[in-house]
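In structure tokens, one chain follows: the form predicted on its own.
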Amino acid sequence: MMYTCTGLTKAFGSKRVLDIPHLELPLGKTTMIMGPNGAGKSTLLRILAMLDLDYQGTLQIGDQKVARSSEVAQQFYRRSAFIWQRPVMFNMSVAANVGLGLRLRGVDSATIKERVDKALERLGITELAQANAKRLSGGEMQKVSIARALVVEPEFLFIDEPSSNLDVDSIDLMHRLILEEKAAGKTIFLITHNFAEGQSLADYAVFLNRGSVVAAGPLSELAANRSLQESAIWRYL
């Protein structure tokens, strides 16, 4: 089963930032998206996450074509979670921030408390439960963002720079959590500039340059691709 992009293009004004005739990404696996600055990585991630519906082309998840509408996007959000490089915290407690997605999904209060407590423990931030999330350090905010994503038990997980704002111990924790989600069969898309990090986490890779796919496939094939290794862009891996 694949997440398929066909004829996918995206422009900002007269500037085309994505031009992908065809791309197949495996479901139930972890795909890393790499490339130099300005390659279109974040744009592709936002389109895959249905946070950006202003594109040309078609998306298909398995055998289901995805209609480009806000209603379909809202349904997809309920199956998804997002961990961004610069997390947004709401002016409420850490526990309330982590439980927000569950409340929006109509989960009952007792279940929310149980799942939030478990998520905070999993991230090692139980002691921050009643702290105001907007007053945390950058690394603490990132951990809250991770807990808020995982607590909803998503089918799809979108991650922009998993090591961002984290110290070494926290990076190890983040990697362990991604591998746990991967083992559970989740579909994960992550942007990274660190090829070694991607190798330790992902099954599949997409390398972008100037909005086009330079290489895509299983990591083992990408690492053995001599033409890619001999190209000027290999230094970005």
Partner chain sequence: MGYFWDSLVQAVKLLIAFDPEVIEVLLLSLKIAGVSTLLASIIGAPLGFILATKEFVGRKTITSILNTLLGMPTVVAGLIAYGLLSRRGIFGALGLLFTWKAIVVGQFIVVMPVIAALVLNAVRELDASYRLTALSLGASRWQAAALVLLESRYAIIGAIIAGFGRVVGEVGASMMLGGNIRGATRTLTTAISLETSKGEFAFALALGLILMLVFFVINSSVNYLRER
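No experiment lies behind these values; they were computed from the predicted model shown. Positions refer to the first chain, counted from 1.
One more form of this protein exists, namely the form predicted together with its partner chain; it is left out here, but the text below deals with it.
Asker: Thinking of F82, L104 and R135 as the candidate spot, does its partner chain come within 4.5 Å of a heavy atom on all of them in the predicted complex?
Answerer: Every listed residue reaches its partner chain in the predicted complex, so yes.
Asker: Just one of 174 to 182, 24 to 32, 66 to 74, 195 to 203 has heavy atoms within 4.5 Å of its partner chain in the predicted complex; which?
Answerer: In short, 66 to 74.
Asker: Using heavy atoms and a 4.5 Å limit, would one call R46 a contact residue for its partner chain in the predicted complex?
Answerer: Output for R46 is yes: heavy atoms within 4.5 Å of its partner chain.
Asker: Do L100 and its partner chain come within 4.5 Å of each other in the predicted complex, heavy atoms counted?
Answerer: Yes, L100 lies within 4.5 Å of its partner chain in the predicted complex.
Asker: Would you check, heavy atoms only and a 4.5 Å threshold, whether R148 touches its partner chain in the predicted complex?
Answerer: It does: once its partner chain is placed as it appears in the predicted complex, R148 has a heavy atom within 4.5 Å of it.
Asker: Though only this chain appears here, would N91 touch its partner chain in the predicted complex if you measure heavy atom gaps against 4.5 Å?
Answerer: So N91 counts as contacting its partner chain.
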